[in-house]
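Listed next as structure tokens is one chain, alone, in the form predicted alone.
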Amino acid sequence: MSWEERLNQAGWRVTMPRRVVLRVLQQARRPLSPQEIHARGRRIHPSLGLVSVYRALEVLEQAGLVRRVHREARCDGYILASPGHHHVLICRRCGRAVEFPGAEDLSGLIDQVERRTGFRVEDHLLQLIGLCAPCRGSGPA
């Protein structure tokens, strides 16, 4: 299913800002901040506004098309999201982001946390930070 179909299925329209944001993220090699998406998006569509980028990211995240990732010492960045539940690996040197599948892998830990705290866990976010293979081979971290 295309991203346009997924967006429509989630009840959202395909708009110019959403199209530009997805195009920018498709071309990105690392997570991008909203400001970076805006700057790159203006090369595609010069009238793209920063507020439109934020609104597009919010809708695209709700529709499961983009994922917010946290970067060390910087604001959030965004990457394209794969269907289903995934976690993220981030290279702390080059910033590359890679998804890996997982939901059931944390069920034992979540059960334990719920028993100890009395919380009812509804969702989770797991992000691992390290060095990708190319960066491991390029010298000390």
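Between two forms, the rigid core is defined as the largest C-alpha subset superposing within 1.5 Å. Because the structure is a prediction, the values reported are computed rather than measured. Numbering starts at 1 and follows the sequence shown.
Keep in mind the form predicted in complex with another copy of the chain is missing from the figure; the text below concerns it.
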Could you confirm whether Leu48 comes within 4.5 Å of another copy of the chain in the predicted bound form, counting heavy atoms only?
no
is_contact(Leu25, another copy of the chain) in the predicted bound form, heavy atom dist at most 4.5 Å:
yes
Please run the contact check for Ile44 against another copy of the chain in the predicted bound form: heavy atoms, 4.5 angstroms, yes or no?
no
Although the partner isn't part of this model, could you tell me whether Leu126 comes within 4.5 Å of another copy of the chain in the predicted bound form, counting any heavy atom of the residue?
yes
So which residues in 117 to 136, when you check another copy of the chain in the predicted bound form, have a heavy atom no farther than 4.5 Å from it?
Thr117, Gly118, Phe119, Arg120, Val121, Glu122, Asp123, His124, Leu125, Leu126, Gln127, Leu128, Ile129, Gly130, Leu131, Cys132, Ala133, Arg136
Does His124 show a Cα shift reaching 2 Å between the shown form and the other one after rigid-core superposition?
yes
With a threshold of 2 Å on the C-alpha, tell me if Gly95 counts as moved between the shown form and the other one once the core is superposed.
yes
Just checking, between the shown form and the other one and with the core aligned, does Ser33 shift 2 Å or more at the CA?
no
Quick one: in the predicted bound form, is the Cα gap between His87 and Leu50 smaller or bigger than here? Answer closer or farther; it shifts by 3 Å or more.
farther
Closer or farther: how do the CA atoms of Arg92 and Glu61 lie in the predicted bound form, compared with the form shown, if the change is at least 3 Å?
closer
